[in-house]
Every structure is written in structure tokens, then in C-alpha cells.
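Just one chain follows, in the form predicted alone, and it is written as C-alpha cells.
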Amino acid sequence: DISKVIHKTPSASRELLPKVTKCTDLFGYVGIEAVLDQMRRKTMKAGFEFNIMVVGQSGLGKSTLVNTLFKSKVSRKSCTPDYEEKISKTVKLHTVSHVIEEKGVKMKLTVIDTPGFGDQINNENCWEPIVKYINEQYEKYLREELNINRKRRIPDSRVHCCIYFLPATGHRLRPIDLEFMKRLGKIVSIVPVIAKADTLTVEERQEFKERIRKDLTSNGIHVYPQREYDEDPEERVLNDRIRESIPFAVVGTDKEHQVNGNKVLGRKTKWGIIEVENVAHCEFANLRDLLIRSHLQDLKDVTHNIHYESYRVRRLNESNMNFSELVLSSWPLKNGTDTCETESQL
């Protein structure tokens, strides 16, 4: 028998599905697997885009963590000459774009910062500019899709992931945290992290994480990776391990220290060095693996197939929608986004 037919459907519907045959060496090599090399070459030539948003009040180390994640000066503070830290009176969004290259693979990384979020005495509706910005990017993409003369490759400015920084209070989620994640969890993939986790003991950190998970469950808040998007048992096993670790307790730094003759990223204290990439010290490595090494493409797929698709269906179903107006008119950005573009070699 030169073929193996695989069926995973009831017998009544088997004849309706195409047969899946497994090639053997009897008739020689076909070369189907070479398509993976073709895809790899095209991706390396064209590069790809990844847009990440960081949200949290001032002083939680957002810029430092992003720089640590990509081992480059990619934060807004890093690329703004004579940057001066000051509390913004309103929530304004700033975007910084970089082209990062590692081993021949180019990635256009865009970091969206949200200065002013959670810094006011009255933080009512402080998430609205963020919701507006995310929807604006969906709208831009939709307009490009509906153009008659469409670009071969539509520029993708949609937010693929939102890292939400929680202060290491050791108590419970604050009302602003709950409200933000409730509203944003429906339109973007949220990954919550406990910032500056080295201010908590190991026991305090574990108790805090359990309280946060209970608060998320009791308030019906779904953070990435959502269980309903798991595609197969193998992926579910991997994602279950991630869900058990969320929120990640992280420490960020861009300073190197010598530990046992090796250079490591870490924070030096009176009692020793907290190694950022050591899983025994913090969960930064788990966060990095999730965002870059294991789930980067999945974050983009969830954005396109789930969040953007929901937005697209809603917009196209609006009864008063004028298609010519949708295609021809522009959607002005009122958030005053600043742009900075650089190239980095890893």
C-alpha cells in the first residue's frame, strides 16, 4: 500500500472530503517541503511588522522593559533627544518605529507609548484615547482593503499586543486596572505584567498573582492567550502553562554585570544581583518567549482573524455606511502621535 488515508470524520461524511495521502519514497522525491524554504526566503527579503503597545502609570519601567525585551534602545525615551520626564495632563499616544535586524531577518518594530495613563487624580475615561487609537488603526487597514487599486502589501499599523503594567502593590487589581482590561480585552490582545517585581518577596509575588487571576476570572476578563483560540491539544498544553504564569512578574534593566565570569543583564542591590533572564529571579524570560520566540505570529494572527475581523464585520454591517465615503475619506489622527524611525542591528 503506497498511501495512508487519514480520516477524522464520521463515516457518513468521509466520501465528501478529499483524501489526504502520505507520500512514500516509492516514486521518488516530489519536493513539496521546499515551499517552507520559499516562504522563509520571501519573509527574510520583505521583513515583517510587529506593533506593541505599553500601558501603565509613570515610573513602572515601561521603557526599560521594552529596551530589555529587544536588547535595543527602542523606547520613546531612548530615541527622544534631551528627553525630560513630566506628567502629561491628558493621555497622549506616541509611536516610535525601528527596523531591527537579527541574522538576516528584518522586523519593523513599532512601540506605542501612552504617557499620562493613570497619572491623574481623576482617571475617569482615561482609556478612551487608547480605544480610539486602536480602532483608528483597524479603520486605516479596512480603508486600504476596500480601495479599488489596492497596495500589494497593506501597511499594518494595527496593535498586535498590549502589555499592561500592574504596580507591585501586593493587594488586588485596582478599579482602573479592571475597567481598562474589560474594555480593551475585546479589541486587542492584552498581556498583563507585574512591574518591578523585585520589590516583592517570592511568597508575596505568588499570592499577588493568585489574587490577580481570581480578579480576572470573577470579572470576566480574558487576557492573552485565550482558551477558546487554542487550535489543538498540543497548543492547549503550551498555553495552559502560560495561563498558569500570568501575570508575569518581571524586572527590566539595560545594565550588564559580571556573574561567575559571565556578563548578565541584571539589577545590582546591596544583597546581590537580580538577573533579569534567570527564571529563578523573575519571569522576564517567560514574557520574552511568549512575545517573540513562541507566540509572535499567533499574536498577529489573533489580531487579524479575531479582533480586526470583528471590527470589519461591525463596520460593514452598519446600516448607514457609505462605501464611497469610507474609501475616499481620511481618518484624521487626533492623538498627536510622534514618530521616530531608526535601524538597529542585533
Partner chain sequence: MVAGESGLGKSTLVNSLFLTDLYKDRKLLNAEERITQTVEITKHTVDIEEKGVKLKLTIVDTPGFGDAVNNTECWKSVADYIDQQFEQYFRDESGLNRKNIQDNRVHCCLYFISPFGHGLRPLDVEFMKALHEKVNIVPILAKADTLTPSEVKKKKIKIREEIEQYGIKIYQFPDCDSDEDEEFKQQDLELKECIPFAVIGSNTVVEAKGKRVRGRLYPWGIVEVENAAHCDFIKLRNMLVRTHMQDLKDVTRETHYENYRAQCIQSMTRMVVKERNRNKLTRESGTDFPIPAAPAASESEKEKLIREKDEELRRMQEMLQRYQDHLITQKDGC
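Residue numbers count along the first chain shown, from 1. Since this is a predicted model, take the numbers as computed values, not measurements.
Not on display, but discussed next: the form predicted in complex with its partner chain.
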| item | value |
| --- | --- |
| Per-stretch contact check against its partner chain in the model of the complex, the hit in 207 to 215, 106 to 114, 141 to 149, 224 to 232 (non-hydrogen atom, 4.5 angstroms) | 207 to 215 |
| Its partner chain: the contacting residue among His281, Lys300, His307, Arg288 in the model of the complex [heavy atom, 4.5 Å] | His281 |
| Listed residue (Lys92, Lys196, His98, Arg158) with a non-hydrogen atom within 4.5 angstroms of its partner chain in the model of the complex | Lys196 |
| Distance check, Leu60 to its partner chain in the model of the complex, heavy atom within 4.5 Å | yes |
| Any non-hydrogen atom of Glu136 within 4.5 angstroms of its partner chain in the model of the complex | no |
| Interface membership of Gly261, its partner chain in the model of the complex, 4.5 Å heavy atom rule | no |
| 4.5 Å heavy atom contact, Pro167 and its partner chain in the model of the complex | yes |
| Within 4.5 Å of its partner chain in the model of the complex, all of Asn51, Ser245 and Leu296 (non-hydrogen atom) | no |
| Sequence-ordered residues of 259 to 288 touching its partner chain in the model of the complex, heavy atom within 4.5 Å | Arg267, Lys268, Thr269, Lys270, Trp271, Gly272, Ile273, Ile274, Ala280, His281 |
